[in-house]
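This document opens with one chain alone, in structure tokens, the form predicted alone.
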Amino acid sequence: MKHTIISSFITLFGRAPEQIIFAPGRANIIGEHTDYNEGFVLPFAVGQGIWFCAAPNNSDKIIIKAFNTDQATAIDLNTLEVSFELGWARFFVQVLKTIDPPIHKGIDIVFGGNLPIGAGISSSSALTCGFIAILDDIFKINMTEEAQVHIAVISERGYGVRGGIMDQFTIFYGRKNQAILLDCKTNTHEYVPLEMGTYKFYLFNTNVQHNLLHTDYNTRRDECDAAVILINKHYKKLKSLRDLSMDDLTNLQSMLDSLLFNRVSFVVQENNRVIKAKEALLINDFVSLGLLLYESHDGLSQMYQVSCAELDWLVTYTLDYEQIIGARMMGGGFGGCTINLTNGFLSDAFITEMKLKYFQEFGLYPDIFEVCPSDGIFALRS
């Protein structure tokens, strides 16, 4: 894919790119909707991602071509207005509004890759982070990784999704064959070796695209914030749901209505599952890890209510196959992917059968692909 993007850049702009950046997507083993509650997550960067080719153009415009969709636009650096209103262009504009010092010199960009859009694999964060890395390198800003993560988070929140730090952190800090145990309260992390052996991670993409800006994602965050206010008023002082333990849930049951209690309970239990998942990985206990994935999905579907019929169907389908030892919805929810832990490669027969049955149920074919823990964002000279 890299060479295709380079060739496209040369064809479009008549010269070679001066910088090439690869920004991966991310998979999250466990720890969903915990990051914006200052909890724990356990993600890894994946091999799929977005390639960016870029070079200065001696103008006051950033000209951008999306290879996969054959769309293009230009951003006027004087006004930060775009020549064509395209959904992905807003991420570039938000970065330009956030980055300091401001960018005043134009560049040409072609980007493209093999990261599904709207599948919960952080395609928007890969786009944002890759653009930040391009600007940092071309204009010699010399930002630390920490600073680049911060700009990416603020930029995406400016787009309207009040997400956490997990996606951007993973894209910049990912390491091959390792997961990241990230503490979203302190932004400290440790690497957890993924000695997979015969075990594999697969993503099953529902092909129900989600746009977190237009789902109840922000509503869930509002509900968590409301619960924190009530708990501070009637129970004990805390900054976020991260400050609660499993023992607190008994006291909270009579204090919160059923909706807020379910939201709080899920977050507290999910944080506990992340720590248990880390412990399971340290001793290569993948059977226990698989059970934690199923528990996580049950909570996401029933208590946090961010699943959908297609996600629930994919998870339930795996229960009849011994080779799949764990599955759950991954990402913000309302569509996107499930992450599946398998013992060995999935057979062509299984994939064909599952796709057919899914199509019969929903009129769509799911995409099924393996993901491997990979390095985070990196740059290449052309």
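In this text, residue numbers run from 1 along the sequence as written. Keep in mind the model is a prediction, meaning the values are calculated, not measured.
Here the subject shifts to the form predicted together with alpha-D-galactopyranose, a form of this protein not shown in this document.
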Assert contact_stretch over 311-319, 353-361, 47-55, 324-332 against alpha-D-galactopyranose in the model of the complex, heavy atom within 4.5 Å, equals 324-332
Partner-contacting position among G290, P116, G163, G112 - heavy atom within 4.5 Å of alpha-D-galactopyranose in the model of the complex: G163
Wondering, does Y217 line up within 4.5 Å of alpha-D-galactopyranose in the model of the complex on heavy atoms? yes
Partner proximity in the model of the complex: G31 to alpha-D-galactopyranose, non-hydrogen atom cutoff 4.5 Å: yes
Looking at the partner-bound form in the model of the complex, is Y36 within 4.5 Å of alpha-D-galactopyranose by any heavy atom? yes
